[in-house]
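Here you get one chain, nothing else, as structure tokens; it is the form predicted alone.
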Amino acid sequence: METYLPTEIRLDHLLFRFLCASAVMTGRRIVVFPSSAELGPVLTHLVTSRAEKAITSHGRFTLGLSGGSLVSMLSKELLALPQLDCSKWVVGFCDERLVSFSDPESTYGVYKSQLFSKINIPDSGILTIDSSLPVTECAEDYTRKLKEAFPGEDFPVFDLLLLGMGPDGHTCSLFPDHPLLEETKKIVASISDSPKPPPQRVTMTLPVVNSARCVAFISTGGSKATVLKEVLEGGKASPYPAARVVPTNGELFWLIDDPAAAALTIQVERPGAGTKL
């Protein structure tokens, strides 16, 4: 016998099913935490679980890193794991500033001091730029290194990319209204006119980002709230680079805190303690 529900309940139920179906179709999960303190352990489990899966599947784990607040969060949480084994990890950088590795602006330099020097990742597993080269040659050199690390692939397929988003909606070193957003052939591109200093950088292009098996944005703080709403709710019309990250055959996570999520009106996940992705 069919049960009939009141119209309002049926509509709410249909809306819920539509939102769930949309989430599955887009492969996007938006997970909101009270603060970065709760976000950190879940991010760490995402990294280690994808590492285990990748090593079981194809013998290594390829990880693309971004800078900013992610460095300290990731370093703190990973170093707290008693039996962390990174001997089969291959790490690259989603973008890098063209400065010496001793410069505080060097993403590799900060990771080396806070994380790489304290884990058993081999030097051969860390793909860095050659900061002594002019920016265009630096991008070409880094492209060669990625091609060698990912032989036979038109675009490198990373197991996991960890991205941030600036208050202007940029990600990697892909900025709003910049011609690099339309790049379709290069793996790594150079940029000499970054609106955010330092001006010279190299960056993965969108085809590489969208080729990844899994992409996770980590975005925290109230300064991101307005742009985050536009990125996540603006659809294809959104002008922000972060909105263009839509993995072709991979997972997409947005891990954010309450201040960053303050303006959102769409369905989000609010996990409990011990949540694993």
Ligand SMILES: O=C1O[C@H](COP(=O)(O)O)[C@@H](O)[C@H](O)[C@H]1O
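Start at 1 and count along the sequence shown; that's the residue number. Computed from a prediction, not measured in an experiment: that's the story for all the values here.
Below, we turn to the form predicted in complex with this ligand, even though it does not appear here.
Annotation: in the predicted complex, residues S211, R244 and P247 none come within 4.5 Å of this ligand through any heavy atom. Note on the partner interface in the predicted complex: the residue among S238, S49, S36, S69 having a heavy atom within 4.5 angstroms of this ligand is S69. The partner is absent here, but in the predicted complex a heavy atom of M165, alone among M165, L161, A189, I129, sits within 4.5 Å of this ligand. Just one listed stretch, out of 180 to 188, 150 to 158, 114 to 122, 89 to 97, contacts this ligand in the predicted complex at the 4.5 Å heavy atom level, and that stretch is 89 to 97. In the predicted complex, this ligand sits beyond 4.5 Å of every heavy atom of R144. Taking the partner from the other structure, this ligand in the predicted complex has no heavy atom within 4.5 Å of any heavy atom of K76.
Contacts with this ligand in the predicted complex, taken as any heavy atom within 4.5 Å, map within 191 to 211 to K196, R201.
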